[in-house]
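What follows is one chain in structure tokens, specifically the form predicted on its own.
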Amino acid sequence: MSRAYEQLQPYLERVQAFQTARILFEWDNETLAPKEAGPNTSRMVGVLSAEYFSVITDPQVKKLVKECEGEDLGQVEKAIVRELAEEIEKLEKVPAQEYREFSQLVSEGTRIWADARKNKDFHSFAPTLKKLVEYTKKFASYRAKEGQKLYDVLLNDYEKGFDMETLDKFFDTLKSQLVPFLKKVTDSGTEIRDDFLTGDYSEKDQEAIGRIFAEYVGFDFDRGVMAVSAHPFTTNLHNKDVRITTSYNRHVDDSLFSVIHESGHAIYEMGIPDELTQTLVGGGASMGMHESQSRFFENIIGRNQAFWVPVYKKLQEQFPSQLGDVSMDDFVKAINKVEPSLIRTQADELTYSLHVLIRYEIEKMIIEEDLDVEKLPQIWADKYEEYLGVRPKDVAEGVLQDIHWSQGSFGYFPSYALGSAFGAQLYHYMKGQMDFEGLLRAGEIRTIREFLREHIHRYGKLKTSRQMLKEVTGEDFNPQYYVDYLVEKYGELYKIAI
């Protein structure tokens, strides 16, 4: 270890400690904290954020990073210094007081959003959202290089190397091929029954089966916990403390697949090696790669008929009156039914990316066109009618359905579609390396999971998502694999000649 890197260690530990404390507050705020705790907790989050900011922007830290960049460091040390240098560059241009105010606003924003969603009242959230947009654009302007678009600055935070030009081409590929195919599906005349997925599914039973399936796909309850929140999410303190949430309603598949989805995120974090965890490279390579893993577990594994061969009886045993007379084939068809809907997290695989496309187009309008946030409910509803043929009856199932904007996470949404495409490319490659469906039928998910750990999870942030894709599959990102996967799967389900 170099002298400069050794001197940097105490600062890195403080950075990690402040981040850990903020994560704990955020977890508590979304799960168990009493409603009235919000404002007071938000102030403490503001203090912690200010302390984090002060460490990152400390002149001594910047000096040590410069010294480290000129020394012969190991792979992990180099990557940590690289991440720290990027964080310094990101924060040093932002006034400290503004950063603290924004962090406190985000903490308050999630609570205000949750109340607004519950009460179906966008106007109660609009002033907070306007402030969040103003801060986000201002911070992006501080960081933007000459000629760089503000939204491109934000997109790069979540997925390096994917700007509006790249994403426009990606989404154009999806639109040009999937929208016509979706019409073939909806015009096919194939009827799929799914009424048995909705009914009197008690929360207690949903929680019990959720725990069974989380553990079955690889979630380790000795290193993780599961709770309930308004919007399912995953967070972690390190590779031995990973936390997921779900939510419950009358649709049993919603909670079941949200648990499998979040378990995919958690398995990624649990697969981070000990030498990386609790460092600046001790997490997923990007939000897109993270989503590739969660959606891989949810859809490519969880909605695969082969997955249910060894475990469907467990589901029937948990819900004998609801599913006892439903065959596995009918159940699998039901959980893959294509039906344009309003809620992104409940969308079928085929229409899912259209939900993401709508958010991408709206975010571009917000950041690049100074869209008045008061117009968002109308624009949101119009786009859903245009792309999916459905229109929300209220803002709870419309513009207020997602938590992301209340957290200031503009630029995140494209990661969901990219993750689906990354996952499909990995799936295509893996099928050439193993009997994928045969392993699922035999209940050997461990083999699949270990492949992902070996080729994706163990690298943390040492590599970018595109680097890993190229090293694993032998080629750069190619969205055609995603389109082909969907067309093949749903062409067969809906008896459409390809």
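So that there is no doubt, residue numbering starts at 1 and follows the sequence shown. Bear in mind the structure is a predicted one, so any value in this text is a computation, not a measurement.
Not pictured, yet referred to below: the form predicted together with another copy of the chain.
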If contact means a heavy atom within 4.5 Å, which one of 43-51, 454-462, 56-64, 430-438 is the stretch that engages another copy of the chain in the predicted bound form? 43-51
Within 4.5 Å, heavy atoms only, which of Q401, Q305, Q278, T234 is in contact with another copy of the chain in the predicted bound form? Q278
Have a look at D241, E108, E87, D152 for me and say which one sits with a heavy atom within 4.5 Å of another copy of the chain in the predicted bound form. D241
Another copy of the chain contact in the predicted bound form: E488, any heavy atom under 4.5 Å: no
Tell me, yes or no, whether D28 is in contact with another copy of the chain in the predicted bound form, where a contact means a heavy atom of each within 4.5 Å. yes
Just to confirm, G224 within 4.5 Å of another copy of the chain in the predicted bound form by heavy atoms? yes
Taking another copy of the chain as it sits in the predicted bound form, is A21 near enough to touch it, meaning that at least one heavy atom pair lies within 4.5 angstroms? yes
Which residues in 29-44 have a heavy atom within 4.5 Å of another copy of the chain in the predicted bound form? L32, A33, P34, K35, E36, A37, N40, T41, R43, M44
